[in-house]
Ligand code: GLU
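Taking the form predicted alone, here's one chain by itself in structure tokens.
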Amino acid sequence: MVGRFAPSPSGRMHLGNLWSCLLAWLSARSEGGRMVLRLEDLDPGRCRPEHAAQVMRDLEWLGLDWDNEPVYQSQRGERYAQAFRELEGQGLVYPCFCTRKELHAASAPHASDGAAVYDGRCGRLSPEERGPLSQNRRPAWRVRVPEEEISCSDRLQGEYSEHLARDCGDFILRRSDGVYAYQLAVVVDDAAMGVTQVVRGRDLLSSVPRQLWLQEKLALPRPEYGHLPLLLAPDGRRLAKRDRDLELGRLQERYTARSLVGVLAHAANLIDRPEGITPRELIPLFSWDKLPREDFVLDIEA
């Protein structure tokens, strides 16, 4: 068993991040497994070294440890380039010259989550049509998905499936500025780091079919997935770094590490009341069967 933390160092972690990190750690440790840390700092405009250092301090403050030297995605570009070339060699990759305005016009809403589904128009361009476009615009690069239903069995959410072409569409592998996309980087890194279980928020459940398909095309192993319910702000919004919702700096003004872990453990149905406790004391109490399935508002104040 190898679990993982994979935070994006784009700001201070909030309560929802801590919720996912704690339960991912408990799942791995309760089975005697290892825990690895990866800093998903692909976006140079949002991610900074000082944020990465703060993430590690925050995990340590909470009592969560890991078993490897931290891995930084920003240092692994050649691994992603190799995977990109493999997909390109299979004839699955094509350049996309669409502007934001054109993308909006060329997309239809996803049936379930409202995300845009690209219609694949640049994938139908001939080499002669691409030539003039490439002189005026640096393309993003998309992968051509099949007319295929991809299914998974999630530890908490149960059976989930998507028809890739209809529900997802051809998705980006590399942005026009050269930055590799999350979907490609995460499958390459999970395989390279030996990850066997991915525990994260339910908002990422729709990524699973794309990742399973990429794993198949790149001959990579498939980890087990467990997508946790989301902690919501009092008005029902998802917690977000940009809104500074219940971020750890503010929480530390009111809570000790033990008391905050106790609040999260009680929300996870691992203890009967929100009393102070450490992650290590929770290991024998952890069970997937106890965890809630539905998103909920946690009654806590920063």
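Since this is a predicted model, take the numbers as computed values, not measurements. One rule holds for the numbers: they count along the sequence shown, beginning at 1.
This next part talks about the form predicted in complex with the named molecule, which is not shown.
Fill in: Per-stretch contact check against the named molecule in the model of the complex, the hit in 196-204, 129-137, 75-83, 170-178 (non-hydrogen atom, 4.5 angstroms)
Contact criterion met by 196-204 only.
Item to complete: Kindly confirm or deny that 6, 182 and 186 each have some heavy atom within 4.5 angstroms of the named molecule in the model of the complex.
Response: Affirmative, all three are within 4.5 Å.
Discussion item. So, residue 58 and the named molecule: in the model of the complex, are they within 4.5 Å at any heavy atom pair?
Written reply: Answer no; every heavy atom of residue 58 is more than 4.5 Å from the named molecule in the model of the complex.
Worksheet entry | the named molecule contact at residue 40 in the model of the complex, heavy atom, 4.5 Å | So residue 40 counts as contacting the named molecule.
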